[in-house]
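Next up: just one chain, as structure tokens, the form predicted on its own.
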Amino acid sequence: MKTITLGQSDLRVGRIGYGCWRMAQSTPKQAQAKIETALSCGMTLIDTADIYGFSEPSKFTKEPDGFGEAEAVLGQVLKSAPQLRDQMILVTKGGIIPPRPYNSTYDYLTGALERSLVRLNTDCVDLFLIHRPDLSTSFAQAGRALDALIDSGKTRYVGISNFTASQAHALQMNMESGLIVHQNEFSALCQDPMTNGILDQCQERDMTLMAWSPLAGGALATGRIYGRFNEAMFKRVMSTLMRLAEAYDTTPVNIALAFTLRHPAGVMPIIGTQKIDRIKDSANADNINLTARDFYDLIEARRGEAMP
């Protein structure tokens, strides 16, 4: 798999990342097989968060609500196979804590990463993200926390998740260190980052967009629509994906991933499938080079009209 550099850092990663948001109910053995498969395919960025597993049964944490469980499962993998830690760029996130629901205070963020490190059985993560913006805490305080986490050696770099472009700018202006990534939803169905300033800012500031839900929560893999997507729009996008899949002799899933990879900002889609064969197959998206016309076909299918 080809590699990219995350923002203005020295972190080289495969163009597709692997996410652990559904790993809370895996056994450590099952989780290890998934992580090893992802790494063997070149998906060297492994993404998790302390909230992953919330509201699910706990096996490895003392939390009654499953908080931290996905991190703890991954921590069991790293405990039994410590050599895997050196093969990955490890990312975690903090700042979502129901029912508040978000907390980016200095004490909370610094403590949250310390607790994550314990669950993950590691001394340092490569990248720590504020998971969602806390509207009740100043950017000055949140920025001071991120700077402190880098200074303490608990993370090498920092970034943000689900921030607007203006929120990212405000936070960056209150920090000494640099934000190297945005993490936002981006897919053939959710194209907001192309119009709300996120991908513009990524190119302006040399930040990488880590695209969560690049298959629209699995809708583009199953072909089954759910709630928030308009049915007519969904059918147009799926029809275009299927047409392009036939032209490129691949699957609609891989065309959908290739769509995110095609953006000039250098987007990294993060897949979350729990099936070994799908992890392997998804790596093939790296070899698909959509033309500009193909890219615009999917943009126009989403919009339901030709570009002006």
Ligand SMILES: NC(=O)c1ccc[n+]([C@@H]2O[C@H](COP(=O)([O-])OP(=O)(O)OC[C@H]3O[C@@H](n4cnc5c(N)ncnc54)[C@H](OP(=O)(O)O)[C@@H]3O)[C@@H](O)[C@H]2O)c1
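Sequential numbering from 1, following the sequence displayed. The model shown is predicted, which means the values in this text are computed figures rather than measured ones.
Note that the form predicted in complex with this ligand isn't included here; everything after this is about it.
> Can you pick the stretch from 102-110, 134-142, 77-85, 205-213 whose heavy atoms fall within 4.5 Å of this ligand in the predicted bound form?
The contacting stretch is 205-213.
> Are G7, D126 and Q172 jointly within 4.5 Å of this ligand in the predicted bound form, each by at least one heavy atom?
No, none of the three is in contact.
> Should L261 be classed as touching this ligand in the predicted bound form when contacts are defined as heavy atoms within 4.5 Å?
L261: no, not in contact with this ligand in the predicted bound form.
> Do A148 and this ligand come within 4.5 Å of each other in the predicted bound form, heavy atoms counted?
Contact check for A148: no, nothing within 4.5 Å of this ligand in the predicted bound form.
> Taking 4.5 angstroms as the cut-off for heavy atoms, does D47 touch this ligand in the predicted bound form?
Yes - in the predicted bound form, heavy atoms of D47 and this ligand come within 4.5 Å of each other.
> Can you check whether R278 is within 4.5 Å of this ligand in the predicted bound form, heavy atom basis?
Heavy-atom contact with this ligand at 4.5 Å: present for R278.
> Pick from A221, I225, M233, V118: which has a non-hydrogen atom within 4.5 Å of this ligand in the predicted bound form?
If I apply the 4.5 Å criterion carefully, the residue I get is A221.
> With this ligand left out of view, choose which of A31, V253, C41, A265 has a non-hydrogen atom within 4.5 angstroms of it in the predicted bound form.
None of the other options qualify; the answer is V253.
> With the partner left out here, which residues of 269-307 have a non-hydrogen atom within 4.5 Å of this ligand in the predicted bound form?
Those in contact are I270, I271, G272, T273, Q274, K275, R278.
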